[in-house]
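Following this are structure 1 and structure 2, which are two forms of one protein chain, each written alone as structure tokens.
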Structure 1
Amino acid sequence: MEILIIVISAVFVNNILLSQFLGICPFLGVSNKVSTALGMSAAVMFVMALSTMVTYLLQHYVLVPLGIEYMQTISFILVIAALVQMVEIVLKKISPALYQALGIFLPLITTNCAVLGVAIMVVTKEFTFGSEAHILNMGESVVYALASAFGFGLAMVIFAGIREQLEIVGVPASFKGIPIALITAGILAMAFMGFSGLV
């Protein structure tokens, strides 16, 4: 039951893009077409789940026992950067088809703040799912990461669909490009706010 609440909360109520503002760069940058939005979301989901798992272990078995929690930012970003590199190399070797689909998005992900954001969030923030506030355990963390990435994908794909339609309409010159995209995202965020009573 608790897992279900985590998923609903991460996908709809606290949507990572529209209510927490993480990963806005790819949201505005590669959401012109539904197909690229799908590819980017798949890559983010893959990397986010993996990196959350690794940084969770790093935090609880290295940083906390040694009492060097202040190294969190440096070590997390290094681990994520190395992991993305490694995923790229492994994918290239074992699944060229998947590499073809996700390859171009992988280098972009290192600087996607959603990945580092979720990794830091699950080890520092106390969540109240169900009974009392607690730091998530490893299984919950990975579920949270996957659900966040799914929420990211959901918002990306909806937004890409809207932007494909926007291409056809006549928008005033000074609104073209990013401004109209931002205003659209604002309205989409308003729609997502409707979920806020859910959990």
Structure 2
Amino acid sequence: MEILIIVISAVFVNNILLSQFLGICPFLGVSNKVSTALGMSAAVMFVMALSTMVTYLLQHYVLVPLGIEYMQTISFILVIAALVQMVEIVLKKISPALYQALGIFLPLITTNCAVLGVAIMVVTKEFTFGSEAHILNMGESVVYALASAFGFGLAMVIFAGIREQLEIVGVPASFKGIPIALITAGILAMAFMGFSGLV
């Protein structure tokens, strides 16, 4: 039951993109086409899950025992940067078309605050189940990271689909491009606010 609460909370109620506003750069930059949004979402999901596992172990077995928790942000950024380099090398070999489509935004996963935000939230956030609060264990942390990444991907794909439709319909000239994208993002965020209070 706790896992289900974590998943629903991460995907819908506290969507990393639309409720917590982390990862806005790729949200606006890579969401012109659904195919590109799917590729970016898959890359973010992989990096987020892997980085959460590594940073969880780093936090609990290196930083806390040595009493150097203040190095958390720097060490987490280094781990995420290394993982993004791995993803970039693999994508370049496996899918050059997707690698070209993601362009500059693939290296930007390194500085994507959604990935770093989830890694930090996993080791600091207390979830309340019933009347008691507890810090997530490693399995729950990975589930939270995957659910957050899925929520990120869901928001990206919905937004990309809407933007593709907006290219077809007649949008007034003064609203074309980023202005209508920001209005759409605001309406989408309000739609996701309807899930608040679900868990």
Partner chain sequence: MSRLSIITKGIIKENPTFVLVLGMCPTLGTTTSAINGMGMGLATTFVLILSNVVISLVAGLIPAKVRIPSYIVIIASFVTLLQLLMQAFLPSLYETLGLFIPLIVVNCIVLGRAEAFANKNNALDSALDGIGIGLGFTLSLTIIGLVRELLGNLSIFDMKIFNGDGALAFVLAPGAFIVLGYLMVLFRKLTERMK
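Take the two forms, superpose them, and find the largest set of C-alpha atoms that agree within 1.5 Å; that set is the rigid core. On a predicted model such as this, the values are computed, not experimentally measured, just so you know. Numbering runs along the sequence of structure 1, starting at 1.
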| query | finding |
| --- | --- |
| Pair member which, unlike the other, is the form predicted alone | 2 |
| Per-residue C-alpha change between structures 1 and 2, Phe21, threshold 2 Å, rigid core fit | no |
| C-alpha of Ser95 off by 2 Å or more between structures 1 and 2 on rigid core | yes |
| Rigid core fit then Met86 CA moved by 2 Å or more between structures 1 and 2 | yes |
| Per-residue CA shift, Ala173 (Å; core superposed between structures 1 and 2) | 3.3 |
